[in-house]
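The chain below stands alone and is given as structure tokens, in the form predicted on its own.
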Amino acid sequence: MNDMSIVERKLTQDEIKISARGVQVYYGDKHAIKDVNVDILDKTVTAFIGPSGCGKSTFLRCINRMNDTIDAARVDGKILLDGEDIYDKRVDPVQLRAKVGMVFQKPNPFPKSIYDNVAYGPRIHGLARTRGELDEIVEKSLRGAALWNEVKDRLQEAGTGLSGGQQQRLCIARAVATQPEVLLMDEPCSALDPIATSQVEELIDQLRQDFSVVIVTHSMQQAARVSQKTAFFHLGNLVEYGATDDIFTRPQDPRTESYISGRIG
């Protein structure tokens, strides 16, 4: 992209949360991600957009090593989180995923109580020494996910009994309970109705005060509403990355322009 060097020159190390250099992903013989270079900022919502199968979710899953769970997948290149290579052999993927939370397309609460859904991560990572501390983390996380007032009197009820939008906010509360630094969201609203979608979008805007948020979305309108930075992927390539307003109103690459205007998709 033409102005990538201008964008990079303006950034300081304090602003950059995730830095990817030369990232390639292979599923067996299939070359799914091709030489991706990008700097993702802290306290910012970054949207990954592009047609189905373009590599946006595959690249998202590189950031918390979820591709490690796929036998045929191979990741080359470097991804740095706060300057540390997350693919270094000394990095424990379980600890990494406590720092890099993930919310999936379909709400997937555990078959446990609302309380235990949120308490699960802090328990396994030893973040609370007492029941009182755990109670505090659960309340803070549910408040952070804009869910506390709706569930505070039913914390022992099953998380699976909530509505779809509430379940997705519960999954966000579960993700933030381990005090992550990055929150990855893979099409978090695609299974939700318009009202629940709007609630989750409002929540994403609040979450960026504390996290670097990266969202994969098939909805360009959603990307325009919630993100400050947008990356456009096409056929495994990161075609263009920049300020969301610029990507949508002044794209530099004809492929981006074709996608935004609906000619490819």
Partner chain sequence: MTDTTSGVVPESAGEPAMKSLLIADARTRRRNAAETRFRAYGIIAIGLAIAALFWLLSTILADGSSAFRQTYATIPVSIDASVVDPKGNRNPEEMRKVLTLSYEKLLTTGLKDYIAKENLQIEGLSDRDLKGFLSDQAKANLRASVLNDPELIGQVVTVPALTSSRIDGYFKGRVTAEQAARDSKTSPAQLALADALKSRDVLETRFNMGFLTNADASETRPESAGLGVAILGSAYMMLIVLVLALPIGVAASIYLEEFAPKNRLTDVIEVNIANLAAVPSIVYGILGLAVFINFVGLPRSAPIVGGLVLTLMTLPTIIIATRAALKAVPPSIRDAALGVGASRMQTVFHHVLPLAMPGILTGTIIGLAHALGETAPLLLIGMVAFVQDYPDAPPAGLFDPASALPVQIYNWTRRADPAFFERAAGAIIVLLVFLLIMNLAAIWLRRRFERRW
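Numbering follows the first chain given and starts at 1. For clarity, every value in this text was computed on a predicted model and none was experimentally measured.
The next section is about a form of this same protein that is not shown, the form predicted together with its partner chain.
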{"item": "Contact at Q209, M220 and I260 by its partner chain in the predicted bound form, all three, heavy atom at most 4.5 Å", "value": "no"}
{"item": "In the predicted bound form, segment of 161 to 169, 121 to 129, 189 to 197, 144 to 152 with a heavy atom within 4.5 Å of its partner chain", "value": "121 to 129"}
{"item": "Position in contact with its partner chain when the complex is considered in the predicted bound form, options R74, K78, K140, K99, heavy atoms within 4.5 Å", "value": "K99"}
{"item": "S113: touches its partner chain in the predicted bound form, heavy atom cutoff 4.5 angstroms", "value": "no"}
{"item": "Heavy atom of D85 within 4.5 Å of its partner chain in the predicted bound form", "value": "yes"}
{"item": "Proximity of E157 to its partner chain in the predicted bound form, heavy atoms at 4.5 Å", "value": "no"}
{"item": "E181 within 4.5 Å of its partner chain in the predicted bound form, heavy atoms", "value": "yes"}
{"item": "Residues in 135 to 173 close to its partner chain in the predicted bound form, defined by a heavy atom within 4.5 Å, in order", "value": "none"}
